[in-house]
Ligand SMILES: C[S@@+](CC[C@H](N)C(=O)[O-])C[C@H]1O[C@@H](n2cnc3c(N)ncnc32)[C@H](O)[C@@H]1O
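A single chain, nothing else alongside it, follows as structure tokens in the form predicted on its own.
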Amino acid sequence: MDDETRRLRGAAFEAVADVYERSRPTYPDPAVDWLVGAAPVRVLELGAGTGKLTGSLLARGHTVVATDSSGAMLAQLRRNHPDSESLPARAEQLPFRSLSFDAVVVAQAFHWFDPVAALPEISRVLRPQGTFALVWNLRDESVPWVRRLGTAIGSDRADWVEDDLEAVDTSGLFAPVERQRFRFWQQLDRDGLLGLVESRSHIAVLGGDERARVMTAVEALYDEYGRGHDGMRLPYVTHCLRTRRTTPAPPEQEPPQESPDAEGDLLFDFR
């Protein structure tokens, strides 16, 4: 994804943060456990959005610092997880001291980052042998009706997984990447399916008439495949990547004297 597309589509989330929160799925429990392990650790979540992964991490006892560049998405996250630590930040310029986190995780968001700038920053804030993990929920288009949904709205980008894997592997900053997949289903009624489509950035940026045509096609698909009050079960494959930081520890960065913070991790005071 080029920088201009990142900017335009990324900005679209400001307008759809509420429907994103209502309609997007969470992540299956076995995938969350595989990503960061069972022992509680200090986790930095990048591109956390409305907190779809954040809640699962917190429920497992991890300490989570959640970041996103969208104010509207972070507002939803803070409503969902008022006791969590969250702040606006970009992966390409992280406002944290070096060696601050045991794990860095990115759910459904790494394609929004410039990997050339983001990967060194991720490596910098990780402690030695710290975990870097990526996860995506992708619709299972081996199922015919899901393939028809992909035709109507655009297929999930499975190539993102391979592109991101290549970026991590060729950075020279991390150990060889481990891969795992998990399956799960999301129960959806009509409004849920429509919201799921509306929350996609490439749909949100469409003109009114074009977006209306897409939504009409999705409504027709639900009328054909939905089961009344039972709705429909949308199958997903959750793709997970996991690696560890292998580069030598970077020099410690000291925060500006005029802006300390209580946690001791921030380089800047966002309060």
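Throughout, we count residues from 1 along the sequence that is shown. Everything numeric here is computed off the predicted structure, so don't read it as measured data.
The discussion below concerns the form predicted in complex with the named molecule, not included here.
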Residue-level contact is defined here as any heavy atom of the residue lying within 4.5 Å of the named molecule in the model of the complex; does residue 22 satisfy this criterion? no
Verify the contact flag for residue 112: yes if a non-hydrogen atom of it lies within 4.5 Å of a non-hydrogen atom of the named molecule in the model of the complex, no if not. yes
Would residue 169 count as a contact of the named molecule in the model of the complex, using a 4.5 angstroms cut-off between non-hydrogen atoms? no
With the partner left out here, check for me: in the model of the complex, does some heavy atom of residue 60 sit within 4.5 Å of the named molecule? no
Sort through 134, 73, 149, 193 and report the residue having a heavy atom within 4.5 Å of the named molecule in the model of the complex. 73
Among 126, 161, 119, 89, which has at least one heavy atom within 4.5 Å of the named molecule in the model of the complex? 89
Among 52, 69 and 107, does every residue place a heavy atom within 4.5 Å of the named molecule in the model of the complex? yes
The named molecule in the model of the complex: contacting segment from 202-210, 42-50, 215-223, 239-247, heavy atom within 4.5 Å: 42-50
